[in-house]
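Let's start with one chain on its own, the form predicted alone, as structure tokens.
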């Protein structure tokens, strides 16, 4: 078992009328999941993933992370939980604080009891995994670009070797090339390590191309949990929760309405749409 929620409720203030999480139940496998959590600002996405890393504790319901029941109790050791589930925040500058990039990546392993030599070995391995140039390791993390700093934050999470890696808006602020490079890096990493990856994202093009499963949050409720194909073919649900189609899917619908192309399965990516267009052209 990876992460399991059963009827989880949470409010930041006891007397608040609005729940940030409202009767949420879900299950996430420890390997080979690639999940996107989507929903508008204030829907509960970030609150949800902070419960997955035991940064927040449910007011009611049950959360189990790798067979450990997560409760606000001094007897519960949180370090093992956080070793299983790594979390990278939306703004990487909030996660980096050491003098050099290498020291920053080493912090996690050292915090979990690794020797300095082993922490350094794990940090270098993690930096290579995310594609950080070796010459950057001796620099201050605050001299790096946004994309480089994000890689440092991801490497810091990977250095503790979590089973599940969660990233809050990993592509925000990156240019189109940077977005693709980061997502391809995550995909290659998963193919190599089989870790489960969870991303929070507003970018439906990224969601459609890279993830397999989507969770939709709305007003603290988990209103959809299923395949990306099921979500993007559900026009009523997309309209109800004001969710956008990926660009390729939107264009495909427009082209089909104009009788310029036809398809049985809605294309979700540029590559899938190109295949349909070229296929139709070849058949003419």
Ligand SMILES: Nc1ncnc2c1ncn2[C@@H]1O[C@H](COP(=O)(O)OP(=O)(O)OP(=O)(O)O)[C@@H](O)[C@H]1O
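Values in this document were obtained by computation on a predicted structure and should not be read as measured data. Numbering follows the first chain given and starts at 1.
Just so it is clear, the following notes concern the form predicted together with the ligand, a form of the same protein that is not shown.
Between the ligand and the residues 116, 90, 138, 128, the one pair within 4.5 Å by heavy atoms in the model of the complex involves 90.
For the options 40, 256, 69, 31, the residue carrying a heavy atom within 4.5 angstroms of the ligand in the model of the complex is 40.
Contact check for residue 47: a non-hydrogen atom falls within 4.5 Å of the ligand in the model of the complex. In the model of the complex, residue 161 stays away from the ligand, with no heavy atom inside 4.5 Å. The ligand is not drawn, but in the model of the complex it has no heavy atom within 4.5 Å of residue 195. Although the partner is absent here, residue 179 is not a contact residue: none of its heavy atoms lies within 4.5 angstroms of the ligand in the model of the complex. With contact defined as any non-hydrogen atom lying within 4.5 angstroms of the ligand in the model of the complex, 169 is the only contacting residue in 146-174.
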